[in-house]
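Here we start with a single chain on its own, the form predicted on its own, put down as structure tokens.
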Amino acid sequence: MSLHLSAFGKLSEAERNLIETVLKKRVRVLPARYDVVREGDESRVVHVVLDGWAQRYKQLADGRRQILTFFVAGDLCDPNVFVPRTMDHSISTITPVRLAEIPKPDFREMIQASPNIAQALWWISLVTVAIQREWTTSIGQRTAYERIAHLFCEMFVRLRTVGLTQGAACDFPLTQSDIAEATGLTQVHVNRTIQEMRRDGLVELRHRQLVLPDLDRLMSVALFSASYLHLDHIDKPMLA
């Protein structure tokens, strides 16, 4: 499935087909480093990343930027987009991205057609907020080493959940500038920390690919627990 709702609940073949039909209606192919929607723009559609990486961010008047989350294939960028009249954040691509746009009527129809889809979307919203809480905790309490290690663990686990890892490796297009803006560190500090992690044998970064030779050890160093990603409910019954 392009939209990984199946990672948040068991869906029937009919429900999967409904989702795929909605996703195929309006698809855009966008270049890397392109603003999909900017803060202050009118909220019109739900964006779903079909391929590639994107990000949510806030930018100050003087140009400083805070990345709030990263999106990978299957992620909904803004499931609650119809609540506010205008966007209170911006969304941009990191790599070239294939993006589905779901208009409000189609999104509402999909939810009303299936309680399972509605609950899976609710789980996605829950995880989105939980990730934000964890990032806030990282910036407030974790060391630079722990912050970056935690980010690596999170992205690897999220990618593995939807089948986008290859053993101990995964695609990783983030620059050191991206990592700095996501972790509240300077680019120089990120560079030094990643070099230290390499010397410790915890991370390999080459050719836009991340390799984690010892994920358990990295998780321990990062004080990482995947519980905030709420993956433990996947095999539990959905609401009828």
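All residue numbers refer to positions in the sequence shown, first residue = 1. In this text the structure is predicted, and so the values were computed from the model without any measurement.
Although not depicted, the form predicted together with the DNA is the subject of the following passage.
Asker: Which residue among A113, A169, V127, A144 has a heavy atom within 4.5 angstroms of the DNA in the predicted complex?
Answerer: Residue within 4.5 Å of the partner: A144.
Asker: Name the single residue among Q59, Q209, T69, T186 that comes within 4.5 Å of the DNA in the predicted complex, judging by heavy atoms.
Answerer: It is T186.
Asker: Please identify, from 22-30, 37-45, 209-217, 191-199, the stretch that has a heavy atom within 4.5 Å of the DNA in the predicted complex.
Answerer: Going through the listed ranges, the match is 191-199.
Asker: For the stretch 66-80, return the residues whose heavy atoms include at least one within 4.5 Å of the DNA in the predicted complex, in the order they occur.
Answerer: Not one residue comes within 4.5 Å of the partner.
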